[in-house]
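What follows is a single chain, given as structure tokens, in the form predicted alone.
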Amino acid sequence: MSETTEPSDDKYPLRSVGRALDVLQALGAGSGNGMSVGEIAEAIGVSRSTAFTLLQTMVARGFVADTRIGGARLYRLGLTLVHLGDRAVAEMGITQIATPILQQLTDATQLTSRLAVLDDGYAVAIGRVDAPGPFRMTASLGRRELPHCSSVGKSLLARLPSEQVMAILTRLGMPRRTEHTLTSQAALIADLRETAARGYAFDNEEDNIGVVCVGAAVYDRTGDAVAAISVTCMKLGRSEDDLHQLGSAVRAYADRISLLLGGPAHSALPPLA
């Protein structure tokens, strides 16, 4: 009996994503001993050939793992999901942990503070405490920011290997936002080395003229930079010494969050190679 040929999923990207998610749900609802192609196809209502194509893509990405038992190939959830699950829990938890510290930072500096993470190379704010008073410098949560002109972006890039940083910059680009924006990889890598050494980063009018942001990374128990915090102020009337003092303060509050996550303070990090 011939099998029905279904339309190519390449023409239906949303349907393809839905089916991939159906595969994960079917495997998650299974016994844990693995499922065959036929069982998965039946569970999600597609042909065996479609199920097989989906599974090969998901195995290649680590979302599904396959094992041969005798002559049969069985599929189960892959380890990529473990990593993503850890990250999701960490990011959800870090907002709750960091918000009281952000409030303390804002109280101490009278400046708006933010918490951000890297998302596909971009810096994305996931938490914020606004400064008191009628004049506030706010930024939307969830908006992707280019990392080369962002203090939180630089803080998160600073501990990454140079090759990984350059790959991100090549992919995202380094557009000039102001006359102060660093637009060459060499200049930014040098800036990131300084950031890694002192523990805080500057966006010194690099994204908006007249505006300075100072950020510092937050580390988890593995020593990875999983987030960064920052404060934002006007450049007018602030000396270089003032900004470095502000950087030291932001770093100290970032260290508090790191310690709550079981991570090291900046001073305890090993030097970069």
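Residue positions are given as counts along the sequence shown, with the first one as 1. Remember, predicted model here, so these are calculated numbers, not experimental data. Take the two forms, superpose them, and find the largest set of C-alpha atoms that agree within 1.5 Å; that set is the rigid core.
Although it is not shown, the form predicted together with the DNA is what the next lines describe.
The DNA in the model of the complex is not approached by residue 232, whose heavy atoms all lie more than 4.5 angstroms from it. Within 4.5 Å of some heavy atom of the DNA in the model of the complex lies at least one heavy atom of residue 38.
Contact check for residue 82: no non-hydrogen atom falls within 4.5 Å of the DNA in the model of the complex. Contact check for residue 70: a non-hydrogen atom falls within 4.5 Å of the DNA in the model of the complex. Segments offered: 25-33, 236-244, 38-46, 211-219. Contacting the DNA in the model of the complex at heavy atom distances within 4.5 Å is 38-46.
If you take 235-262 and check each residue for a heavy atom within 4.5 Å of the DNA in the model of the complex, you get nothing at all. Core-superposed comparison between the shown form and the other one: the C-alpha position of residue 73 differs by no less than 2 Å. Comparing the forms between the shown form and the other one on their rigid core, the Cα displacement of residue 224 stays under 2 Å. Taking the rigid core as fixed, one finds a CA shift for residue 48 of 2 Å or more between the shown form and the other one.
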